[in-house]
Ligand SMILES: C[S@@+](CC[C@H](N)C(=O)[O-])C[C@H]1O[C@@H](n2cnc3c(N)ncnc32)[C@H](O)[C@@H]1O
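Here we start with a single chain on its own, the form predicted alone, put down as structure tokens.
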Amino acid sequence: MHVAVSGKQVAGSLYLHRDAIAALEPASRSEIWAAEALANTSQWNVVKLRHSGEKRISLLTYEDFERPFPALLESVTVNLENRTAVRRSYRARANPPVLHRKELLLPADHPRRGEYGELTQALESMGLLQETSSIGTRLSWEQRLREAGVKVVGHAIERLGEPASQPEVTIRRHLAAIRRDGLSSPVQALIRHGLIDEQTTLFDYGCGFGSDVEGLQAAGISAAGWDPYYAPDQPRKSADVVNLGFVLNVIETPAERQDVLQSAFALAQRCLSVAVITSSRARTETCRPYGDGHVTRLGTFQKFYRPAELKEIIETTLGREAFPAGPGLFFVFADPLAEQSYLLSRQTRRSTTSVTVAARRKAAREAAFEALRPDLEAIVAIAEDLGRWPAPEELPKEVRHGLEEAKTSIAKAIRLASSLSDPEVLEQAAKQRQEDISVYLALNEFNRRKNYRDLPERLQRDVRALFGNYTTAQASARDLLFSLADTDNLCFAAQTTFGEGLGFLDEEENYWICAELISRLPAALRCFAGCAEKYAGGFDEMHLVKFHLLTGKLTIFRYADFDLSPLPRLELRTKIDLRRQRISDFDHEDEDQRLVLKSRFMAPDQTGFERQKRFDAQASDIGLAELGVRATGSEILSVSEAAGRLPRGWNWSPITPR
């Protein structure tokens, strides 16, 4: 498509405001009107024209150009050759794409073009429009401005701290509380991670209607709560765990958020749980901007956080490391021992090898001790989990009671249990446990945590049993950490794991795997990923990991529909360069990048693997494997149409002739 007009040139495409299309050649204008007719819409203000390839025109609806950086509300991409239109809405997104240098889209004689251009020049002089890949969305652009200590009011730049007018709004915080039939997601996560049990006390700071408190009390857990509206007379008291669930979201002033965060943490004897609604899960179509957030139609305030933003706020306010535990969920520890226990549990590699009860029974040598068999088998199961024989205090009460009734010492019970165990299984469990501890201590070296007395008691036993002493364990951890610089070692680990059927190794020595499978990897790759995770602030919202084995980099990917689509659409890509200590984010929401042959990165026991494998087998037959790991929707369509088949859900259907 040939055009003779300036406009804004981006990656082989021309962007023009609706008012500027009069300068186009007649043929180009005719194609735009044809696209508008096919799209059946006239509510657009920007057109995107491609210089080559298929005749595709995108009709884009941005916010009013009176805004300094209009956000994209809707796009309709029209293929003039096959007369199809694909519509995508961004209205409900908390983090839509935004437009910079908007003056370039306008006609040369537009009365506001000079004013808009002056703002662009000022931003360029401050270096704020560099690295365009990281400022293309609203939240990342707002973060860039905050980091520079400026804000844009109208089309003028002001320093932060200058008074700004704010419309008078009555915030009704108490209406943000909701009634739940079950426990909230942060409390469920605390239970899942072993931070709440029957011996634990919990205080719910900002408990709302008290659903979590009631649910925990019904389960026999000591819980209490306070809320400024629903439970103002309840005392605010210390507890092992303090839950600050979805409270920071509804506070409209940053200073008060910091006060609440500090007050809640002061009550936590072991751990503070902080949960918020993240920007990726926000719905703002019925909200209006207010402060650094939005006011809902109910009159409540909502501040939607990016995970990295929340982590920084917590750590800056409390001076403690915040550990990601789920989307918008962080744990902060007041007790170093509790922190170490939690970190160790995160790095534990679970064995997939087990020995059946029947096999153990066949190996039994002492028929006289048949009555003790359940207790002995329980001891073996604990040993296979620990990688060593347990200490007396690590045995359940019922096992100790059974041994006492049989007048059998724990030492003798362990000797008897050894006859029921499989030495190879125990040896493998010990090896895996050594790897777990090496990864854990290596990441402690990464964070400069080294004191033996600060380790949990169980870990101290592990070190003595599996390494002999702490010095040897530290040396093993340092060797593991230093081995990350050895590309041959990383390649060997990836090749071995790939050969065992886990993950995918491409021709360029990049190793790909689902993020949830990282805990199954060898120690070197787990340590590599652990270092990257600590530097990046967590992988909890990511789906796929790519190890750049030859360059010391790692890339993580987030998809819009990873579990629901056989060809998931890429939303966000983050590259972590550990050698240069650099993180780069790439927003792909406005593209149509698809993950090809997803089953390559999955494990056979993952949910949906068989269904995905069947889909991918047919995809390979028609030639999709030739596209690599990522391909655009149009590339996939072209290959599949050439093969006479189209994807329909989780199946491939023949193309029916018209």
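A residue's number is simply how far along the shown sequence it sits, counting from 1. Note that the structure is a prediction, hence the values are computed from the model and not measured.
The same protein has a further form, the form predicted in complex with the ligand, not shown here; the description that follows concerns it.
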Discussion item. For the interface check, one of 583-591, 321-329, 245-253, 265-273 should have non-hydrogen atoms within 4.5 Å of the ligand in the predicted bound form; which one?
Written reply: 245-253
Response to the item:
The listed residue (228, 235, 501, 149) that reaches within 4.5 Å of the ligand in the predicted bound form by any heavy atom is 228
Worksheet item: Just one of 208, 387, 566, 96 has a heavy atom within 4.5 Å of the ligand in the predicted bound form. Which one?
Response: 208
Discussion item. Within 4.5 Å, heavy atoms only: does residue 176 come near the ligand in the predicted bound form?
Written reply: yes
Fill in: Distance check, residue 260 to the ligand in the predicted bound form, heavy atom within 4.5 Å
yes
Practice prompt. Considering only heavy atoms, tell me if residue 180 and the ligand come within 4.5 Å of each other in the predicted bound form.
Written response: yes
Worksheet item: Using a 4.5 Å cut-off on heavy atoms, what residues in 392-421 are near the ligand in the predicted bound form?
Response: none
